[in-house]
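As structure tokens, one chain now follows by itself in the form predicted alone.
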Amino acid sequence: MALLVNEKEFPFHAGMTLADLARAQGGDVDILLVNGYPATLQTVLSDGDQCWLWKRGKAPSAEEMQHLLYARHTPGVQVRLQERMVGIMGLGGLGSLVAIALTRMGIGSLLLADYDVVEPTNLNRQQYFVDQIGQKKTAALRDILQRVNPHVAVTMIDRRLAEDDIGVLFKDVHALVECFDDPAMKAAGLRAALHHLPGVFYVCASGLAGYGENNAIQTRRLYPRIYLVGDEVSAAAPGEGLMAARVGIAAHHQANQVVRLLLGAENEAS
């Protein structure tokens, strides 16, 4: 007989309450959940209950965070993701959300590049907050990622990238995500990936403006190791701006494609 307490097995005995568990956990807890519902210290438990006991505001240790990710993703998946580094070029609507998604999934290291600041017009689709207006995107996103998972290693490149930089700065990543707004830099990134990053998976984007059909956003293979996300048609224009929902669909396509590649789901050499 056992309970699942903070995703770990714990012995159960008849008549056990959450107060008993709280004492066993050191007593300093104020968030109590049983099977997904709020509970009190007087709640009587049953064999097999899933319990959460937590101190409000406490950050999980690296070991606790890994255990939580193991429980949700399975250890085999999580160990492989933990060993990988992903680069992201551009931290706007796509890049900021890709970074957050990968951080939530437990990627071991992120190498993130942008030179811009958070502007009021960014807030309709980018993952920043009103109180971050005027901050460098690198600094603002680092703060957000630390709140999501403080144990992911994050390195920032706070500069405007040039084509010649890409093959040097991102040579050690396992996957590189292109999230530029500038069409010229999109082309530069693809050229750099093809010619200078032969061992790196590359996920780029084109066509995600407006509020068009959800399923028009697709992921397709351009070349070995090179994938393109988007509808490949829609561009920002009057009456068809970049909007949070469709940008978010594309960003999550990119993040999921990175994970598929890193875990070998695309039958590509890793």
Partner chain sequence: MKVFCNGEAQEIAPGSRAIDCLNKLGLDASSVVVECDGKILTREEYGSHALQDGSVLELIRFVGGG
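All values reported here derive from a predicted model rather than from experimental measurement. Positions refer to the first chain, counted from 1.
Unshown form predicted together with the partner chain; subsequent notes refer to it.
For the options 125, 84, 142, 151, the residue carrying a heavy atom within 4.5 angstroms of the partner chain in the model of the complex is 125. Think of it this way: in the model of the complex, the partner chain has a heavy atom of just one of 172, 165, 181, 116 within 4.5 Å, and the residue is 181. Annotated contact segment (heavy atom within 4.5 Å of the partner chain in the model of the complex): 232-240, selected among 232-240, 46-54, 65-73, 28-36. With respect to the partner chain in the model of the complex, the three residues 187, 206 and 228 uniformly fall within 4.5 angstroms at the level of their nearest heavy atom. Within this chain, residue 211 is remote from the site of the partner chain in the model of the complex, having no heavy atom within 4.5 Å. Contact between residue 41 and the partner chain in the model of the complex is not found at the 4.5 Å heavy atom cutoff. Heavy atoms of residue 106 never reach within 4.5 Å of the partner chain in the model of the complex, leaving it off the interface. Residue contact check for residue 195: one or more of its heavy atoms lie within 4.5 Å of the partner chain in the model of the complex.
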